[in-house]
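In the structure tokens that follow, the same protein chain appears in two forms, which are kept apart as structure 1 and structure 2.
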Structure 1
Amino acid sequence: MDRLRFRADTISAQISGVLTAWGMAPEQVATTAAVMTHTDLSGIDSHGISMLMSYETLRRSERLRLDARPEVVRRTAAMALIDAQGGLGHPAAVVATDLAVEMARAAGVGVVSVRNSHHFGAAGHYAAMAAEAGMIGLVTTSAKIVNVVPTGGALPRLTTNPIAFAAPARHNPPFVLDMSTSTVASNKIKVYDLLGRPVPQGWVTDEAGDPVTDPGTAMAYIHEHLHGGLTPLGGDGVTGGHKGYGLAVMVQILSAALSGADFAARRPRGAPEDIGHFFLALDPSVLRPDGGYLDDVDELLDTLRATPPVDAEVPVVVAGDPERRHREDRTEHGVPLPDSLLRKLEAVCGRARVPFLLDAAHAQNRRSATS
């Protein structure tokens, strides 16, 4: 499928225009647009500009405060709690990451919890921020849609509960792991639906536990039906799904129980979301002042990449490599957006009464093969 490609600054301008029209303050717009655009550049198409439709739905239902400003409500030398005031999670997450890094520089470790938030994009973005600052970063978040079935359960009880981990090296780019604790993130299903592609078997199951591969039907099972949904990471118990289930519970405890955010499965239908985030920054130089930590991570990453591949055309990579290659390609050639998404975004812009910038006249390349 061919898709129009757009420069990062065009995508950022489109996001900024919509958020500004919705009433978000300029500094919050700049932060949110930067995170969303970087996410699209990284090839994480499910968490960038395609989220505007979901944000619009939240706004129109009056469950999202666009004028919210994150507030630090409790702080010690190494821990803090931030109230996102019901706003989008991107500004609160950037504040939390910066604060965790600041505390880690002073105390060796910084822990920041966020409550009363909404979707904050890709968790790996914030873990990578910590790594770029020389820290080891760990980020987790709860989510709003209850669509993951516990191993052996008949009803969904958990959300996709992502976890991200990033670690700096001396010569290598940071190692950046970003993953949902379900077999796949629910927004990945959205991408398959937008592209009209069959969903891989094992990602979504119906009320009988059978796989669902039609993308429209899969979307219904994770957003509308009471039974069925996403499988935990690993699938069923035989293939290790109990491990993904356990990780999801761990993330729920760190993200929501620790911050005081809600447990989505008990939230009344239609009630405002109260999503929680968790940010941990560790300064490795406290334990390894000689810098040996950086050398050891370099050796580990180099050894893994040097592993003989099964297919000579497909080299072994480590977490963070695919996203970095996407950034290199998309910075030069533009971010590809499918026509189905462009039509939805044009409608969002029309309702917000802002110019639609993502048309053929503004495309970096008129048409480009899917990447």
Structure 2
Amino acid sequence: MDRLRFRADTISAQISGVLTAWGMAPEQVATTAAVMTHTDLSGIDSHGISMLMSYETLRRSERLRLDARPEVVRRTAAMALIDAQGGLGHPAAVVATDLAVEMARAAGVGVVSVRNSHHFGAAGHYAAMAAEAGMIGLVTTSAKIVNVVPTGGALPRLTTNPIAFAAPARHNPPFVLDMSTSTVASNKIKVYDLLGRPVPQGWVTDEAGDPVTDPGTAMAYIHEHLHGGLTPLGGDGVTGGHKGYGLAVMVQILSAALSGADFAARRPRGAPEDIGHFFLALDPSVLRPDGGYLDDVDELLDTLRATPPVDAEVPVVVAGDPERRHREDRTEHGVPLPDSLLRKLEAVCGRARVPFLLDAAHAQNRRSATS
């Protein structure tokens, strides 16, 4: 059976309805719904509307303040610190990105650090915002679930600590890299578990440092066992895992130590998440006012895409291409949402007492009888 597909404005209206019912102010509802919807359009299904259940749980346990307003607590010509006041990360991240871009316009470079925040969706969204404004953007964030094992360690100590980097070009759309510093994100293991497929060697490690490939056992190592967990990017030490481990520590320092946010491995159970984010915007026209930077990025991206592929059917892409293709497809045909997710969202809407909009009547497609 086909998945139902929904227009972006339907998804945005649904998200807005729920957030408003939860007490979020209109301006922040608009920001958050726009970011989450854009994320679903981009095919990053794990970070868009599917997050509402998690946000509901946080809200019910009083660890997420939907009525928070991000506050700039310190500011110089090129640096600022924002306190997200325990609210969702999206509004704070949009304020931070805008501020970093504004400072980069004036000073060439802007650094904004955010503390006391929560999940902000996909880091790449904010890096891409900077690139759309003509700036190079670098974004990192800490996270809440301690599931990444330092190289040579038996216990997880880090989170998947993502890095996003975006760079504008002249005739190409921006290069947009958005990556966890672990080999894979934990929801990839979940997908393999649902499909009953063996997990590729190098994704999950046990307390002895040996690879875990049984999907159910891998899930247990990530979500239940105190030992083992996800490997850092690179896998084990032989294949460069110490580099992914190092990048994860870099992200922790930039996101949390710089802002004063928490280190998840040391947070007492039940304490507020206090996630930290880092935003850097850099104006490439300051050092090359002739626009040579834009031409050089075009040459780089064009050359990479023209690399002869190992499989003639699968051209070489650059970061940002897959998400852009998703946006083109989903803008035209709608965002497909699985029935299991729709049932959960319907329940969220019921508890929030807002109309459920994601039913067959509001869908952009009709289910086909077969397939």
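Along the sequence of structure 1, residues get numbers from 1 upward. By rigid core we mean the largest C-alpha set that fits within 1.5 Å across both forms. Nothing here was measured: the structure is a model prediction, and the numbers come from that model.
**Prompt:** Does structure 1 or structure 2 depict the form predicted alone?
**Reply:** Pick structure 1 here.
| request: Can you let me know which of 86, 235, 321, 30 is the hinge position, looking at how the rigid parts move between the two structures? | output: Where the C-alphas swap which rigid part they fit better, we find 235.
Suppose I asked you to quantify the rigid-body motion between the two structures; what rotation angle in degrees does the smaller part show? Interdomain rotation between the two structures, rounded to whole degrees: 18 degrees.
How much does the C-alpha of residue 218 move between the two structures, in Å, when the core is lined up? For residue 218, the alpha-carbon shift amounts to 4.1 Å.
- prompt: Following alignment on the rigid core, what Cα displacement (Å) is computed for residue 203 between the two structures?
  reply: The shift comes out to 2.5 Å.
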